[in-house]
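Take a look at the structure tokens below, where one protein chain is shown in two forms, each on its own, as structure 1 and structure 2.
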Structure 1
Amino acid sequence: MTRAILKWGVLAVLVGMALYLIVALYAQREFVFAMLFLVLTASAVAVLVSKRLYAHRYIYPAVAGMGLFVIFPLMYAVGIGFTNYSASNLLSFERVQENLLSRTYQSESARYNYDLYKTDAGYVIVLKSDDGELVSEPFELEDGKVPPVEVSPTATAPTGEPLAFRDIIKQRNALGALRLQAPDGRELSMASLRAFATIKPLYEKSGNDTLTNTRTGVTYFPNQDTGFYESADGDKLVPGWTVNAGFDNYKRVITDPSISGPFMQIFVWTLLFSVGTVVFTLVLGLLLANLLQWDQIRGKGFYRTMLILPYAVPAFISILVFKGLFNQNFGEINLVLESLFGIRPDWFSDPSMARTMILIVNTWLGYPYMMLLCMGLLQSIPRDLYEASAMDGAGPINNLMNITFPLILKPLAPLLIASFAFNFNNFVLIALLTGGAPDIIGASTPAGTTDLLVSYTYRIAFQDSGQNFGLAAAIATVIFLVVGALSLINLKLSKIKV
């Protein structure tokens, strides 16, 4: 009985916390996330309470984690790809309208010089103009938002000397937060260290959600196609709101030459980089694994340890070390090449040399993994096959091509596909080694000749001045489809059941 009470009590507390989170997200207008957590909470309760779903409770955490961290982000990114979501179109229409209507400006039509007095009852401010003086009641001068202080022409100004200008400078933050209420209802705020001026709303709302600039008289109309308030002359008010853009982002990737050109160039390089890395690491790893199987080599344990070390060192450390070694002016590699051959390759400024450098570094980082795989697979090949081939007069090359490679290819194929998929999205290598440089001339978005699609997407989303998340999400969706399609093709070609 006690155990049941404890069980239901804990469940009730967890459900209550989840519902509080859902309500909080809904109150913040995060409807998508509120719905996500509502579905997860309802499904969790159903699995835990229903006896028919008893067996599913053990696998539910994995399924929920997959939905929360894989499926939902993927669907969310796909959804963003069909919008104009960007740095200038982050908010909803209601929030944009609230933001614009909350803007004010200080009118120079009613400007008052002032003196500030410090009395026993508090501070007193005296506004001066050609029409007379407005004097406040004593108040406390504090930083932050404070209630408006009323000023009146009938109040008596304090005697004595006002505060000196240096004392006013010390109180400038508090004076900047001070609001004064004139007898006619106008609100005054500090326009400079020596004057207060009238605060007026910058925009006024009229019918059909149009906004009129009270200073210029220009009217702005909401354009639901672009997500901006626009005037008749085409001027836009920032920020804008998020609207459905349909397939516009995907069309830009195909039809806009300043995007499609760099995209195709980066796409081809990404394919070549991924395939080249798999081929080079496999060849080098298989070669070293075969050498370490050679009976005449002594100290195999030492060699294995030394050859696996690049796999044990964190990748970012190795990448930064290579970045220094390949330095065009002071790197050891160029110093050696210049002393031996009289050349100093431009590793970071020449596109071909930069790509070659990336392949060299990634081959160094990836060969230990392939070597370990090949060493394990080579152990499973019967020695009788090599003895029989030796009797037929076959050499090492024939053994490699006719025995070793065919026998290890099938079990190695899924791992090669996984390596291809990983290198297709190898963001860390590009970000730390070249940053995508050198840049592609004529691209309207940040794009480099050494960028992979994943780093290209990142630069569009977070380094472009417009931070075009919608376009980046569209490209990310294309990357997902391409990697998935290529992986399926490779699996089919490898005759592996999925």
Structure 2
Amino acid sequence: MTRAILKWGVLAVLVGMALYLIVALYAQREFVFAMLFLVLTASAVAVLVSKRLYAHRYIYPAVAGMGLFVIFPLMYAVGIGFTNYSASNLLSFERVQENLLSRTYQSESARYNYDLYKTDAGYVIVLKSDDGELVSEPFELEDGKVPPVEVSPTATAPTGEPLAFRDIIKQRNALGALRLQAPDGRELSMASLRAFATIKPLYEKSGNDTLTNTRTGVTYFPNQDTGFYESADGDKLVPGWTVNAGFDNYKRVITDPSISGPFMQIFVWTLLFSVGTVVFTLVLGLLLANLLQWDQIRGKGFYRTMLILPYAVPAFISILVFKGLFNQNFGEINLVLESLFGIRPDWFSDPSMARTMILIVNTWLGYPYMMLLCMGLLQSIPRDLYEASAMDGAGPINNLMNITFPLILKPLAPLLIASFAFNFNNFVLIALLTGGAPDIIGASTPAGTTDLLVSYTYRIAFQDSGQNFGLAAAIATVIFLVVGALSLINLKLSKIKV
């Protein structure tokens, strides 16, 4: 009985907290996230309450984690791919309007020179003009936003000397944040080190959401196709807002030569890189595994441990080690090559050398995994097959081609495809080793000759000054389709039954 009360109590508290989060998100107009958590909470309650869904209780956390951190981001990314979401179009329309309406400028018509006094009660500012003086009440000077300080023509200026210009310079940050409120409702702020001036709103809103610049009189119309306020001359106001862009991002990838050129080049290199890595690591791994399986070889434990070392060292450390060793000017590899052969390859500035380097490093990183896999699979081959072939006088090459390879290829195929898919998305290697360099000439987005599709996308989204999330998400969707298709084939090939 107490257990039941406890159980329902805990459940109620958790649901209450979740509902609070959902309502808070909804109130902030974050509908997507509110919806996401609503679905998660509702399914959690359903699974915990229903007897029929007993089995789902076991899988709920894993499926929810997957949904929250894999499937939701995936759908979010696909969605962004159809918008113009980018650094200049981050906000919603309402927020853009608020932002523009909150902009101000300082009117040149009402400028006041001022004196600043330091009194016992705090600072006092005196604005001087031909009509007379405006004197503030005492206030504290502090950085950051402070409520406006009132100034009035009736208050009396403090006696004594005003602060010297030198001291005013010292206080310029706090003075810059200072807002003064005149009795007629005008607000004033610092215009220069020696003067305060009236602030006026830069834009005024009229019907149909149009904005008029109060200084120039130009009218700006909201353009829901481009996501910007535009004047009749095509002048744009920044920031813009996020609008639906349809298939524009996908069209750009295909038709814009400054994007499609680098995209195709990077796509081909990504394929070459993945296939190359799989082939090299497999050949090396299979060879070593065969040697380690050989009865005649002594000291297997030693060899095995040594050969596994590249896999045991954390990849992010060994990649950075290689980055240093391959350094063109003072890297150890170039020092050795120069003393032996008198050459100093440009590992980082020559595209083909950089690609060679990446393949070398990735083979170094990846062959132990293939070796371990092959060792496991080789053990399952019956030994008498080799006995029989030896009786017939077959050599090691014959054994490999006619016995070993055909027998391990089938269980190995899905693992090879998984390895291909992993390397297709091997972001860490590129990010830490070359960062994509050297760059492709003539590309309008950041694109490098050693970039893989993932690192290319990452750079478009996070490194480019434009932060073009929409374009990045469109490319990401393409990548997912490729990799998803691969894993489907993989599932079919490995004939997994569930």
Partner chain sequence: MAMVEPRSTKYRVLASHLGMLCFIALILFPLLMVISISFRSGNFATGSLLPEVPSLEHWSLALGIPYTDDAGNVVQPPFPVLLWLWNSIKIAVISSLLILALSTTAAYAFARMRFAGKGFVLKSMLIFQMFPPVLSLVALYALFNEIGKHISWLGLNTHGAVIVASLGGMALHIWTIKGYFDSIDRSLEEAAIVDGATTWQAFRYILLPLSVPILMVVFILAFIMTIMEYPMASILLVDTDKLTLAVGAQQYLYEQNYLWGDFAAAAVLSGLPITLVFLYCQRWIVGGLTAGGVKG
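Bear in mind that the values here come from a model prediction, so they are computed numbers and not experimental data. Under this definition, the rigid core comprises the largest set of C-alpha atoms superposing within 1.5 Å between the forms. Here, a residue number simply tells you its place in the sequence of structure 1, counted from 1.
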Please let me know, 1 or 2, which structure is the form predicted on its own? 1
After a core superposition, would you say residue 342 shifts its C-alpha by at least 2 Å between the two structures? yes
Align on the rigid core first; then say whether the Cα of residue 121 has moved by at least 2 Å between the two structures. yes
Given a superposition on the rigid core, I'd like a yes or no on whether residue 92 shifts its C-alpha by 2 Å or more between the two structures. no
Following alignment on the rigid core, what Cα displacement (Å) is computed for residue 174 between the two structures? 4.2
Enter the rigid core superposed C-alpha shift of residue 194 between the two structures, rounded to one decimal in Å. 2.6
